[in-house]
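Presented below, as structure tokens, is a lone chain in the form predicted on its own.
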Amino acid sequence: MATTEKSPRHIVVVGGGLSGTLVVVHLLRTAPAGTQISLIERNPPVGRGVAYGTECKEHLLNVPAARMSAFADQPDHFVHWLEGRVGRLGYPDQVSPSDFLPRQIYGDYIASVFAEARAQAPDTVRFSNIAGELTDIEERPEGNVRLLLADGRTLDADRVVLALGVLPGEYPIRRSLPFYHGRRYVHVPWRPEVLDGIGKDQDVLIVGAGLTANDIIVQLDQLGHRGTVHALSRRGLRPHPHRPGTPAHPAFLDANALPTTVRQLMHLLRAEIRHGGDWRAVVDSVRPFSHALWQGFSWDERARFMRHVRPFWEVHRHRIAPQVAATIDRLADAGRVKFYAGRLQSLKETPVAAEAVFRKHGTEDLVTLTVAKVINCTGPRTDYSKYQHPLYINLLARGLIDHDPLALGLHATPAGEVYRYRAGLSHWLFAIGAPLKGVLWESTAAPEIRVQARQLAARLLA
């Protein structure tokens, strides 16, 4: 299909979470007269998505407020916005840049940023906020594309951005089981009804022990749950907490001579920590180099990182708020949360409960748990070719998308331009956030998303 270069153009952003909303914000700020912008979101309101749509006050940001501005060139933007709301209903009586705040408040902030961008956009830039679910995209002979929604509506566009966020996780036992269709299994842990039907004194099994598992644990505690929460993961690893007041560590990597193998990187990290650096600050000091490091690794090295380093890296890199860690430690000390390392062997539903059998890590010992519900918190899947949603099925069938060599996301450039299946760039289809994990690695947190959104908006309008 020949690409269209006519101006003005119609740009459609699919997904109204953090990444999609910030792309729209930058487009509204900078689009030339006559540009049409549309945002498609299946679960309004815009700006919240999975991460910030929670209503649980105990679900906290994983980084301090000072690092959560929507704009990289205005680092105090979020804190200043908060300061103007101190004391209001639902907001803290005082705020500090070092605070770990409820994610619900951050959702309010992004919604406010979006509303302000809409209000300040010139009348010559048209914007449509569409509640609906995209299921297909067709290339048109005229040089543009047609988007088809689940309810039959269509709209034509010149450029499309996939800002779809993370996918639900893999099934905990990767084969078809009748148990997955029963009422005692929850596959998508961020749905509002996830804890429905769990009695105060009933036990629960969480498969996984990462950030989402922590959310479920603290939410159960907030609701007065008194039963035991069993958290099972392959290695029994848990995210480490932040340590408030840890000073920043000076950069020890040379941008002009970055390590090109996982072994080199880990050797440098360990040496820096041995020389007296706090491991948290040392790990954080790598973050500005993460994209260059990842792109400097061959695909074989990236596979080596995934196979040998990833589980340990993630629990050190993606840390939790001190308050969340304290809650989980309190519950673990009281025996109300138990962590296990092992692999699920079977899941079945009995007339009164769910029965899960797992094998302890490194042994042949089997453990049987009887629980009210099994909640899948294994983390998001990344292989878009295996996710059974009409949009991905249709885009794959049309050859409009492909996964990267490790199936960590879509095959795309670091700038978000999406490759066709075993072919070149489409020049009209773009992605942001989670789908770029294979080419950027660090691609789902706010500090990375805000930069991607600004750069992508400029590319769309070029």
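In this text, all values refer to a predicted model and were calculated from it rather than measured experimentally. Quick note: we count residues from 1 along the sequence shown, nothing fancier.
Below: the form predicted in complex with a small molecule, not depicted.
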## Note on the structure
In contact with the small molecule in the predicted bound form (heavy atoms, 4.5 Å), from 219-227, 291-299, 126-134, 179-187, is stretch 126-134
### Task
State the residue from Ala65, Leu395, Ile40, Leu429 whose non-hydrogen atoms include one within 4.5 Å of the small molecule in the predicted bound form.
Ile40
### The unique member of Asp158, Asp203, Glu272, Asp215 whose heavy atoms fall within 4.5 Å of the small molecule in the predicted bound form
Asp215
### Query
Does any heavy atom of Gly49 come within 4.5 Å of a heavy atom of the small molecule in the predicted bound form?
yes
### Task
Please run the contact check for Val207 against the small molecule in the predicted bound form: heavy atoms, 4.5 angstroms, yes or no?
no
### Query
Given that the partner is absent here, does Lys338 sit within 4.5 Å of the small molecule in the predicted bound form, heavy atoms only?
no
### Query
Looking in the predicted bound form, any heavy atom of Leu61 within 4.5 Å of the small molecule?
yes
